[in-house]
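Heads up, the chain below is alone and in the form predicted on its own; it's given as structure tokens.
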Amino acid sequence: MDFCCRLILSGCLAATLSFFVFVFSLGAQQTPAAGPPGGARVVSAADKDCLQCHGPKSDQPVGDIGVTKHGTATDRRTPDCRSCHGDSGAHIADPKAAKTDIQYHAKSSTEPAKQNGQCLACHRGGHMILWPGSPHQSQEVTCGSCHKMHTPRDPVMTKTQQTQVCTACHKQQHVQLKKPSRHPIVEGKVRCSDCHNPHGSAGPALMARDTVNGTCFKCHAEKRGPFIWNHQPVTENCALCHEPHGSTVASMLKWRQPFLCQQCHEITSHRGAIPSLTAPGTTTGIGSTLARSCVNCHTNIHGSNNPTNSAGSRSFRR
């Protein structure tokens, strides 16, 4: 009986092994052949005319568009060259005498509205719904100014490269990102689009959410509250006190304390005192600007949840 069981088990194992060998060899035979060098490949019959001059081995290749979403041959939504660059009959007939009907490079003679219109023919709705009337649209910023369609990985879609694309125009923010107190944007841990929606927003400064605070609270949820005792500037706008792109003051504050606090709080009593060269043992001004200044005492500056109705609670000291 034991011999029969071992015989049956050996037969099953041999059959299973033969099956996997067959499947593996079948899969190897059906592996599609690699495309032409450079990733360029025909995605439609209409591209053949273009690839005669713009093929992988030409002086002006189309790059790696064949391995991008715009080069997926099996997707019925995939455009061909003429979908983006127009019919370009004159250019095809004599490339040296005429250019394509629609061009996307920096010195293009095609007006921005027409360039963007080609993109919006497919990319509409969703995150593009607020593009009409947005700051970038009003300033005639073209899609090609930020996006690169002929590369496998669009730089503006990459965390480590997106900042370089945005700061090519936003020079002030480029300087602020070099300051000591800032978000880790340069390191690629945070990117501009985490806070801003470049295609349009219902909030100020193209915020990703409808308000500045709503955008900040995506990461800084502990500052959201609700608190029993709310600090009004905190509930109104985080940017009243903080410079999110970078500052020379700790915690990305716009000014050093107590000068930041004195923008709202009158300079009377201890709130306006400054260190003085008084005799030892006096308290005039001492502590007003030392160490963390105001938050030496007002430790819960974003809000307090102390239930007691005391001065210590209302002034965010508990």
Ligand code: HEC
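Just so you know, these numbers come straight off a predicted model, no measurement behind them. So that there is no doubt, residue numbering starts at 1 and follows the sequence shown.
We do not show the form predicted together with ligand HEC, though everything after this point is about it.
S.K.: Answer with yes or no whether Thr74 is in contact with ligand HEC in the predicted complex, where contact means some heavy atom within 4.5 Å.
M.R.: Taking the distances in the predicted complex, the answer for Thr74 is no, it never comes within 4.5 Å of ligand HEC.
S.K.: Is the gap between Thr248 and ligand HEC in the predicted complex 4.5 Å or less for some heavy atom pair?
M.R.: Thr248: no, not in contact with ligand HEC in the predicted complex.
S.K.: Would Lys178 sit within 4.5 Å of ligand HEC in the predicted complex, counting heavy atoms only?
M.R.: Although ligand HEC is absent here, Lys178 would stay clear of it in the predicted complex, with no heavy atoms inside 4.5 Å.
S.K.: Under a 4.5 Å heavy atom criterion, is Gln139 part of the interface with ligand HEC in the predicted complex?
M.R.: The answer is yes: Gln139 has a heavy atom within 4.5 Å of ligand HEC.
S.K.: For a quick check, can you give me the residues of 181-198 that have a heavy atom within 4.5 Å of ligand HEC in the predicted complex?
M.R.: The stretch touches the partner through Ser181, His183, Pro184, Ile185, Val190, Arg191, Cys192, Ser193, Asp194, Cys195, His196, Pro198.
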